[in-house]
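Presented as structure tokens, the chain that follows is alone, the form predicted on its own.
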Amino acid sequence: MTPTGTAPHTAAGSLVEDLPPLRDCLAAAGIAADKGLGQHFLLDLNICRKIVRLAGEVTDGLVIEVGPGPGGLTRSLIEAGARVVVIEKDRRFLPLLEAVAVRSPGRLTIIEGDALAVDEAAIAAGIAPGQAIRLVSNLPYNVGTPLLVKWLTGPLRPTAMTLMFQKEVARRIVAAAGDDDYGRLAVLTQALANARIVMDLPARAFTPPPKVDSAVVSITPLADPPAARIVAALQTLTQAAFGQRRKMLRSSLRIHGGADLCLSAGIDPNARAETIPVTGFLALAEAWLAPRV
């Protein structure tokens, strides 16, 4: 990863409002969305500002934004008084982001790199040690889910996350047991955080319009999350259970203890994964680890 745009701190107000419209910046640079990277640009700064408002108090620490693209959300974060680190894989956007950095001295750091490989915890510790970390991003469609799992289960400990996903993915994050969208992602997320959809966005809000609508999800990590070994067990068991979701747990979890494991956790072995609430999966994880303690 390569930091490419940071400037000395100054108390001067942001001048990002003086930048040309995003659409003009893209046209001048000859940049079009790369479908292979799941890019769909959010060019309406009013929508960007609303997302920033939904993120809450962004001035109390550091905001990390992944996949800023031309920088609409970045501009809005800076306008709101945030100190921001952006992580961008597509170097075509670096000059556009550097223009924002020039007009917001000390407020924007640009890192060229793949967010799936970047160590956000180390970045935050180097820039704002001990401060609150918020994640605010319009995530590229093709990496939204793995990034969420990374942030939920990895070393970064964000205060809050305000993230845009495909609407289908957003529904999977907040689904309850018994819902059609309930699955492994819901269990992992809700075992570690409180999540709710706070904004819907139609495809026409983006350039180019994707084939699906989007939604912003507010995710607040639990103050006292399960231990790392429980989370690891949860990932293993949910992968097995939802990988064969039409089967009863006694069959889908056979290699992990099957019916005996279910009974130890107080779960009906004849139940199917989509009917088991998050608390039930946590009980299964505890029971699975019990002989190994």
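This one's a predicted model, so the numbers in the text were calculated from it and none came from an experiment. Just count from 1 along the sequence shown to find any residue number.
Beyond what is shown, the protein has a form predicted together with S-adenosylmethionine (SAM); the following relates to that form.
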Report summary line: Only one of 188-196, 119-127, 135-143, 149-157 sits within 4.5 Å of S-adenosylmethionine (SAM) in the model of the complex by heavy atom distance, namely 135-143
Requested in this report: Please pick, from Arg83, Lys89, Arg103, Arg172, the one residue with any non-hydrogen atom lying within 4.5 angstroms of S-adenosylmethionine (SAM) in the model of the complex.
Outcome: Lys89
Query raised in the report: For Gln39, is any heavy atom within 4.5 Å of S-adenosylmethionine (SAM) in the model of the complex, or not?
Result: yes
Query - Touches S-adenosylmethionine (SAM) in the model of the complex: Gly113 (any heavy atom, 4.5 Å) - result: yes
Query raised in the report: Is Leu237 close enough to S-adenosylmethionine (SAM) in the model of the complex to count, meaning some heavy atom within 4.5 Å?
Result: no
**Report entry** Contact flag, Phe93 vs S-adenosylmethionine (SAM) in the model of the complex, heavy atom cut 4.5 Å
**Finding:** yes
Query raised in the report: Taking S-adenosylmethionine (SAM) in the model of the complex, which residues along 49-87 bring a heavy atom to within 4.5 Å of it?
Result: Glu65, Val66, Gly67, Pro68, Gly69, Pro70, Ile87
